[in-house]
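As structure tokens, one chain now follows by itself in the form predicted alone.
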Amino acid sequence: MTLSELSLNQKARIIDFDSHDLVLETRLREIGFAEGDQVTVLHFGPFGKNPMSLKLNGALIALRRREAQAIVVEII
């Protein structure tokens, strides 16, 4: 399952990155996404649920759904 598939207030743990775009994966890691981190979906934007508002390691992050598709998670 990817981060983009989570529902509102759902918590998950990052287990992998599924991106063929090395630049995107590097950018996500620079923002703070890493394997083992817990992430919670807090809010969806009004247009196609874009962007997503997430809580990651105590920080609030806004992420496009297209970018969230590159993050593989497991529900906790």
Partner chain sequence: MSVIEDRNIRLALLGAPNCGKTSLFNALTGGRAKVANYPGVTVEYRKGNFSLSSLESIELLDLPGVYGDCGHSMDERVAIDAIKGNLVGERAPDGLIFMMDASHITTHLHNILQAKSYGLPIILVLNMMDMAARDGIDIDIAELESLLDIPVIRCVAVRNTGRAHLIEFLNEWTSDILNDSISIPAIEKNSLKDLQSKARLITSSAVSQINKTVSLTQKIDNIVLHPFFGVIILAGLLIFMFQAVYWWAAPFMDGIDFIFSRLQLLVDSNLSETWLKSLISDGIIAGVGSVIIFLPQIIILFAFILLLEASGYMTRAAFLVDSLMAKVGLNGRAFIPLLSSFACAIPGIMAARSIEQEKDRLTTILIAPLMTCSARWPVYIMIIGAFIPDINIGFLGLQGLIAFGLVLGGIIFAMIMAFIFKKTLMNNTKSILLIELPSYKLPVIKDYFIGLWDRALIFINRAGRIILPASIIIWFLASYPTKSNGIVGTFAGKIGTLIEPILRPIGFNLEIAISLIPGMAAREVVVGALATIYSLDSESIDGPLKETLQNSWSLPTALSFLVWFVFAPQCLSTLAIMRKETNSWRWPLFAFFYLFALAYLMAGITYQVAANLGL
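Positions refer to the first chain, counted from 1. Just so you know, these numbers come straight off a predicted model, no measurement behind them.
Another form, the form predicted in complex with its partner chain, is not on view; read the next lines as being about it.
Residue contact with its partner chain in the model of the complex: Ser53 places a heavy atom within 4.5 Å of it.
Although the partner is absent here, Arg66 lies within 4.5 Å of its partner chain in the model of the complex, judged by heavy atoms. When contacts are judged by a 4.5 Å heavy atom cut-off, Ile61 counts as touching its partner chain in the model of the complex. Heavy atoms of Gln10 never reach within 4.5 Å of its partner chain in the model of the complex, leaving it off the interface. Annotation for 27 to 66: interface residues with its partner chain in the model of the complex are Arg27, Leu28, Arg29, Glu30, Ile31, Gly32, Phe33, Ala34, Glu35, Asp37, Leu42, His43, Phe44, Gly45, Pro46, Phe47, Asn50, Pro51, Met52, Ser53, Lys55, Leu56, Asn57, Gly58, Ala59, Leu60, Ile61, Ala62, Leu63, Arg64, Arg66 [heavy atom within 4.5 Å].
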